[in-house]
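Only one chain is given next, in structure tokens, and it is the form predicted alone.
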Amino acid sequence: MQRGVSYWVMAPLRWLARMADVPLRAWQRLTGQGGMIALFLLPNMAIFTVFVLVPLVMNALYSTTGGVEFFLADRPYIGSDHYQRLLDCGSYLDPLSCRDDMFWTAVWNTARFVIFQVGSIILVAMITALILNRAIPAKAFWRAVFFFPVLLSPVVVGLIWKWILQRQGLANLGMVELGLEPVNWLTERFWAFVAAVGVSVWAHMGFYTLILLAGLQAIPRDLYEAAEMDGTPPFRVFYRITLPLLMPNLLVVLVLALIRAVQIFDEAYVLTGGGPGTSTMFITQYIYEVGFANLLRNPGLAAAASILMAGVLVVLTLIQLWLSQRAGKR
């Protein structure tokens, strides 16, 4: 029988499989099914340990040390001094009353960013998903258009919008052509914050739109047909059918968007550099500046801030797991 090219291409893999068969069977007889599962999980656990667990432990150790030395053994132990400095505030609502006012300025900037960015991205993603779920011409093309920014590097996104929004950029050129006054998008505090929120929404809404679109397409069509036969108004159909059945997807989108918004750094840093002043300095940029960019670097303080930020992310992740389990029981 004549053998095709695929037979010879796969020949090395078949040989490796036969070689591995004997020791794997021996391991299974020795340890059972649990041992096989542990064996196949071992590479992933090793990678997780090297690239996640070890850096996390080292970061926690750095947060309890002082000085500017790089190696942990050369750094003096100072206990919880960095945490006390970060949390020492006359009023947490007034960053200027805090011992480290830059940290709390970054915290409140991040809080404002999370509120406006997450609210906007859910609203825009929902409207886009509802439109793309309808019978419109070139539906596949429009889905690709809205998802395309997700494929771009955050640095590329920041550079593109920086060229568009700078003083002599495309946005102001269009406004002048329309007879409007140009706007200092990146040099006025209010507009710089609006630009950071808007660019982030544009860059990430495609991902959340796909999640919501998948949820919309899973809703049985006969429910809409029955509502149409009863003459139910569109808003009532959305409120009584679409929204309740889409709630599990909305919860996933909400928590994922919250976690991503807390971690905002790259595109906002490229776009505004944290300015003007500290109007767009977010918590991740604070950690970067304190730990790496400032002349007087303080890696221990940056590590302590990142541990506090990790605590917030853990809480958000637990909320996501709780909401997912609750939605699964319904």
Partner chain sequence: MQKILSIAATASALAIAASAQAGDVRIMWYSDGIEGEVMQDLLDRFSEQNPDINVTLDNVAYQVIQEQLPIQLAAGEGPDIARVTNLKEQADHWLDLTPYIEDPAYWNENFGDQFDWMRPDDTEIIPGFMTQLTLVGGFANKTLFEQAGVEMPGEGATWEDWVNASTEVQESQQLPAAFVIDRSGHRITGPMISYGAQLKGEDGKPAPLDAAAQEFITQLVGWTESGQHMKDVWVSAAGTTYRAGADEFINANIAFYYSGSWQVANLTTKIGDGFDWVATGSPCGAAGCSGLPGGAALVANKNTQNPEDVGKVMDYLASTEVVKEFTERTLFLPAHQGVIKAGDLDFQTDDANAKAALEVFVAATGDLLPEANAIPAWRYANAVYGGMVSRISQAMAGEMPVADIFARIDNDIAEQVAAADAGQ
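Numbering follows the first chain given and starts at 1. Note that the structure is a prediction, hence the values are computed from the model and not measured.
FYI, the form predicted together with its partner chain isn't displayed, but the following is about it.
In the model of the complex, at least one heavy atom of V68 sits within 4.5 Å of its partner chain.
Its partner chain is not drawn, but in the model of the complex it has no heavy atom within 4.5 Å of L41.
Its partner chain in the model of the complex is not approached by F51, whose heavy atoms all lie more than 4.5 angstroms from it.
Among heavy atoms of A171, none comes within 4.5 Å of its partner chain in the model of the complex. With its partner chain omitted here, the record of contacts in the model of the complex names 182-190 of 205-213, 249-257, 145-153, 182-190, defined by a heavy atom within 4.5 Å. Of the residues given (T64, N59, T284, T278), T278 alone sits with a heavy atom within 4.5 Å of its partner chain in the model of the complex. Out of the listed residues A26, A293, M36, A46, A293 is the one that sits within 4.5 Å of its partner chain in the model of the complex by at least one heavy atom. Along 79-111, a non-hydrogen atom within 4.5 Å of its partner chain in the model of the complex is carried by R85, L96, R99, D101, M102, in order along the sequence.
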